[in-house]
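One chain comes next, on its own, written out as structure tokens in the form predicted alone.
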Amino acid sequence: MLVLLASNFAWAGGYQVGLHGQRNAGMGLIGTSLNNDASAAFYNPGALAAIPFQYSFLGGASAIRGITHYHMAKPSIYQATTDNPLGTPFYLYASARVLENLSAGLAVNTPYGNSLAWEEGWVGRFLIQEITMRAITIQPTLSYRITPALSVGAGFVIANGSVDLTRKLPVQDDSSEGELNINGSTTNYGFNAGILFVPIDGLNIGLSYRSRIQMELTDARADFSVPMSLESNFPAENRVSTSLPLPSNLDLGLSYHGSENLLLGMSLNYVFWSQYESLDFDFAQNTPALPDSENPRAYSDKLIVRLGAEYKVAENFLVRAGTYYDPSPVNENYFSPETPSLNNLALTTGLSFMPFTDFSIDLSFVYIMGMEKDVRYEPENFGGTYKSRVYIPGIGISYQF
């Protein structure tokens, strides 16, 4: 019971979200080398000064519907499925060319998050029952075009994160099991910087870096609901502190206009997941049943490979397609059902329709296949086979002139 109470938390594996623009999402979530609109403020601040518009405004959202299946190891036939709430990451961008070679922009994104709920009574409910986590970032950005072929930029990132977690406790009376709910929020800061290089007409090379942001969650609520006879061991309104890294990213992108109507692109996204070494908890009120804890995570750095294409069917109609492979950073010995992160293969598509000049309606759809894998969470001797499917439609609008 001591370990169950303290060893797991919501901020586990695969919590990075890449849905920061419908055009980019339709092309495999690439964007580092693109200078089409104000979304460059997030993907590559260096490209912001090279977009071909005086002003650019974008907004949009996606709807994430994810399903994870769990099968207990044979000979058991037990299985469980998540009933996740709908995730709704969003983005807002604005940019303006304030001088001939200087542009300013603002990006508001949800680059990290997770919403998951396992079915009631499932066998892993003492590890996790339900979790909602989100980080919202605000990034003012400046970008300068040094030459027609080279531009640079940087942004200051303000990140606000929140978490709401519920898990069952293996204590009960005649009516129900015990329960723990953790709820809190925090704010911290980082930066985003990038370079765009155009060596020849039609070829873009982009490089960007987003810094690590350490989200220090202090004095979060830790509310226990247990039988009256155990209340002294589980203070009803306790507090807990912990921290989670939003890992740094190093991205390299290339895009090429194969013809007047065809755009091809690729991106290599290196995520420094090894910055997530351990998840430690410090409870304000400790008891013999509720000590502080140190919990290894031992994530590994991973490289995401993305490919995408866009084709102009007509002057006011474009179609897109893409794919990417996103390997799981989770250590196989510490695989938890809190955020079951598998090796993911994704297929993407999208389109844009311009009903009138300068205004675009952008649609995208992302389908992610989480590859089946037999894994364990060794501290609790909890294992089984997981697989997942995620469906993400998205819609956005843009206005540029």
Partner chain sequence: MRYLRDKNKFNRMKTRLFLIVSALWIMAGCDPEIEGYKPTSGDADFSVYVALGNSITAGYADAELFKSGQMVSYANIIAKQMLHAGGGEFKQPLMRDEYGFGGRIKLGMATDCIGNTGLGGVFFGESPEAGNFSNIYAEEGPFHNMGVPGAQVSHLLLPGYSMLNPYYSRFASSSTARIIDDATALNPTFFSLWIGNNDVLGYASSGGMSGSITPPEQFEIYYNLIVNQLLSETSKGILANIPDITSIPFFNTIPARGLVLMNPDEITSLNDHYSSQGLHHINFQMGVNGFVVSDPSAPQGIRQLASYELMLVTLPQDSLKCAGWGSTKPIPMQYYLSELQVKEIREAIKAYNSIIGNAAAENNIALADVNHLLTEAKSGMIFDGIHFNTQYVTGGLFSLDGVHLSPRGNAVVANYFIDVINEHYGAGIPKVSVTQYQGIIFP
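Quick caveat, the model's predicted, so the values are computed rather than measured. Positions refer to the first chain, counted from 1.
The following text describes the form predicted together with the partner chain, which does not appear among the structures shown.
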| request: Counting only non-hydrogen atoms, choose the one of 47 to 55, 328 to 336, 60 to 68, 30 to 38 that falls within 4.5 Å of the partner chain in the predicted bound form. | output: 60 to 68
| message | Residue-level question: is residue 353 within 4.5 Å of the partner chain in the predicted bound form, judged on heavy atoms? | response | yes
| task | With heavy atoms only and a cut-off of 4.5 Å, decide whether residue 372 touches the partner chain in the predicted bound form. | result | yes
| Should residue 140 be counted as a contact of the partner chain in the predicted bound form, where contact means heavy atoms within 4.5 Å? | no
| request: Flag residue 227 as yes or no: does it have a non-hydrogen atom within 4.5 angstroms of any non-hydrogen atom of the partner chain in the predicted bound form? | output: yes
| So which of 92, 307, 117, 72 gets a non-hydrogen atom within 4.5 Å of the partner chain in the predicted bound form? | 72
| Though the partner chain is not shown, can you say which of 177, 223, 130, 280 has a heavy atom within 4.5 Å of it in the predicted bound form? | 177
| request: Output the sequence-ordered list of residues from 346 to 371 with at least one heavy atom within 4.5 Å of the partner chain in the predicted bound form. | output: 349, 351, 353, 365, 367
